[in-house]
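A single chain, nothing else alongside it, follows as structure tokens in the form predicted on its own.
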């Protein structure tokens, strides 16, 4: 296994995309700090010589602060932070449940904002590095049965766009990841057909290439789906709502 001196911190790393990305970077010789609430899963992952467990609940800012400091103390520094923690419960999206929407926003959006705030001074003072945020194609436009998840991801994308300009002044790259349907424990809950469904390993390859070799602000995949949704995003409301309504009634 190749070893280099590059280091990455990944949140939401105990399953799905986060786990696959952690394993991909570890395979490429990176030193990988993994965080999530599931300590047992992180310990299992840390059997890999390049993966190190740092349990953390992103909804608790003090924990995030302490975890990042532990990583810096242990690793000596971090080159990339990939914030991919998130939650999704399709049954809760079918009705407007304010408490559950607040919980989704708190985990998917506020938790990530807190993570970025915690690492802000470190990256700006070092004048290098990259912060990447995992959003979703669900954030492109409003979709049926997505009263909490979609808005949380739309907020993430807008947030990343907003902070891009300030971090750029300090030579720190900000990027966004917009995956399509990836087979994870979260998407396994869906009862509908998911077009162009891909594996977590596919997503990890795309994210790794985008973070290491890509120059674009957005890493989106699979293109066969995301390009279609990007076209839908620029359509006038009358046409967009008509088309989505027709698709839902199929």
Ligand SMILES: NC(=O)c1ccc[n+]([C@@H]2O[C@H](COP(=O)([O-])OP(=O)(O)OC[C@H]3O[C@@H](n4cnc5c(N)ncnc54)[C@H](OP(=O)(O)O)[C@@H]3O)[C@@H](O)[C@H]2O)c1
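Residue numbers count along the first chain shown, from 1. These numbers were taken from a predicted model, which means no experiment stands behind them.
The following text describes the form predicted together with this ligand, which does not appear among the structures shown.
Using a 4.5 Å heavy atom cut-off, are 37, 107 and 182 all in contact with this ligand in the model of the complex?
Per the other structure, all of 37, 107 and 182 touch this ligand.
Given that the partner is absent here, state which listed stretch (72-80, 163-171, 119-127, 147-155) has heavy atoms within 4.5 Å of this ligand in the model of the complex.
That would be 147-155.
Close approach of residue 176 to this ligand in the model of the complex, 4.5 Å, heavy atom
Outside the cut-off, so no.
Does residue 51 make contact with this ligand in the model of the complex, using a 4.5 Å heavy atom cut-off?
Residue-level check for residue 51: no, no contact with this ligand.
Would you classify residue 131 as touching this ligand in the model of the complex, given a 4.5 Å non-hydrogen atom cut-off?
Although this ligand is absent here, residue 131 would stay clear of it in the model of the complex, with no heavy atoms inside 4.5 Å.
Might residue 32 be said to contact this ligand in the model of the complex, defining contact as any heavy atom within 4.5 Å?
Flag for residue 32 set to no.
Would you give me the residues of 199-228 that have any heavy atom within 4.5 Å of this ligand in the model of the complex, in order from first to last?
Contacts from 199-228: none.
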